[in-house]
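First, one chain by itself in structure tokens, the form predicted alone.
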Amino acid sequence: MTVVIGLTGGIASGKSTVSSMFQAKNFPVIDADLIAREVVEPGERAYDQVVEAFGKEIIKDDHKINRPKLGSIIFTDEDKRKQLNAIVHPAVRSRMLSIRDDYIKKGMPCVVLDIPLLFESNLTHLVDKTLVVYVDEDVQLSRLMKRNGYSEKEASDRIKAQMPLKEKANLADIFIDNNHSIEETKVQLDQVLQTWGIG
């Protein structure tokens, strides 16, 4: 019986760290962000739909989508952002589910769906268990400033644009406290897997 885990967190919370811990245990991780990039590659149906919706000026010389240019269009226009999401999200979901189902058929004990907007996009029905990687806001702020070279305001704006981690932790089946060392995070992950009967 495969347990499908929905892994989520916030910017600079350490979700990628936990994701690689799952991979180190040979549990497959299906990354929504990675798939969101794949489905808009040339030759994909979503690519054609995006170009049709946003025009040829978002295409680079190599025929790929100019992500910064598309980003600048949707960043300032809520309707355009919704339009893009309406194309990309269903394509991502469908590919994630197809990969998930393949792993279930192979009898994997556990499959991880790494979805940043698991709660915001109401995708918890795709998984059996939800796991949030949590850090305190001050830790999140200093890690983000250090990692991306942001000013305090830039980092704070990006954190505020997301659902607060406290809220996500309350919604999750279990959360991992990632305020401390990587070793402590590893121990917590092992405990979670034990609790859920995944060896």
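Keep in mind that this is a model prediction, so the values were computed, not measured. Note that residue numbering follows the sequence shown and begins at 1.
The form predicted in complex with a small molecule exists for this protein as well; it is not shown, and the discussion that follows is about that form.
- Mapping the unseen interface onto this chain, Gln23 falls outside it, with no heavy atom inside 4.5 Å of the small molecule in the predicted complex.
- Put simply, Asp33 is close to the small molecule in the predicted complex: some heavy atom of it is within 4.5 Å.
- Although the partner is absent here, Arg147 is a contact residue: one of its heavy atoms lies within 4.5 angstroms of the small molecule in the predicted complex.
- Val187 falls outside the set of residues with a heavy atom inside 4.5 Å of the small molecule in the predicted complex.
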